[in-house]
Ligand SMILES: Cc1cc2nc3c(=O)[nH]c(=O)nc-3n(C[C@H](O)[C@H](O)[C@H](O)COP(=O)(O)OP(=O)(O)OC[C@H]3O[C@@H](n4cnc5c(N)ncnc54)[C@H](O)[C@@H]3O)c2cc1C
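Below you will find one chain, with nothing else, as structure tokens; this is the form predicted on its own, and questions on how it binds or moves follow later.
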């Protein structure tokens, strides 16, 4: 009995000693998770940006510089080549578009975005004609898979750019030049005319200061004074610049027509698909001309879309007509305005932020767009790159 009492006394004394030590130690906040804070710094989800500078890069392209509109919340870091989804309100329609970051990832004082005026576009004309210094916009965090991977991409890189597709490459070249990375880069830049060559002074400067960066401009519609390469980015011009395709990794950024042409040229050179990365295709100019589109449907055909969505008082239902030739997300944003917000960024089916459950109906998706098998199995679609070909019913109550 005395032995048991003695053991209890020892346990009590040990507990009292531990309690005293804890009281003397520096108090710990009731909750602190350093890893969560780090994750929020790297992946903030949404950001608030303010325009500080605007300049013309060409007659139809502007460069916008943004800083964080919240002094206590710095801009999220990014990898050279990534993009952000810029959110705008155009005549009451809240929508977003993806723009590649042109600024260097080695500083986070500001982001720079190059915006080219798109004929019959919705967002780019608004930005170029209306955005002013001091304006505040929302954006996503940096996203995208177009960035250098030293494990898989090697040290010999070929950048193939068309028009405003040079934007992510500017960021990558700034990064390579600033860090003096041990990489060999060949940039082949195709434009319509000489005045369409964006960032020309800086590109020329790269080649003067860095012998590992080589550059070739190719104009498809040059004037009589142009002394450089003319035509398209064909297999012979590619081979002429890079010498051999062996041990090289290719990045291609441009419009859909350029992708289709360059893809055939690279294939003819015997370059396997796993050695080429194409930036997200974006929305086709005319979906009815894409392979696989139902020939019985004309671009003017109307489709009925039914949407279940959540409000403060419960679930509601709305029905509206939409063109079969317009992405479902565009129709939802225009018809529902601010009744519901569908998260999105790439508008190309790559980021999967907009994944939405489709209860019924049939859609058309461009063949090059990859949808995760699990999404297909459980009835989820990417409305940013999906087109209604029958009446459809969407469930946005989970948004």
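Numbering follows the first chain given and starts at 1. Since the structure is predicted, the reported quantities are computational estimates derived from the model, not experimental observations.
Although it is not shown, the form predicted in complex with the ligand is what the next lines describe.
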| query | finding |
| --- | --- |
| 104, 95, 184, 177 - the one with a heavy atom within 4.5 Å of the ligand in the model of the complex | 95 |
| Among the candidates 206, 147, 110, 281, the residue which, in the model of the complex, approaches the ligand to within 4.5 Å (heavy atoms) | 281 |
| Check all three, 74, 140 and 171, heavy atom within 4.5 Å of the ligand in the model of the complex | no |
| Candidate stretches 367-375, 354-362, 47-55, 341-349, one within 4.5 Å of the ligand in the model of the complex by heavy atom | 341-349 |
| Contact label in the model of the complex: residue 334 to the ligand, heavy atom within 4.5 Å | yes |
| is_contact(residue 156, the ligand) in the model of the complex, heavy atom dist at most 4.5 Å | no |
| 4.5 angstroms heavy atom contact with the ligand in the model of the complex for residue 115 | yes |
| Interface membership of residue 250, the ligand in the model of the complex, 4.5 Å heavy atom rule | no |
| Contacts with the ligand in the model of the complex - residues in 123-139 whose heavy atoms fall within 4.5 Å | 123, 124, 125 |
| Residue pair residue 281, residue 165 - Cα distance in the model of the complex, closer or farther (3 Å or more) | closer |
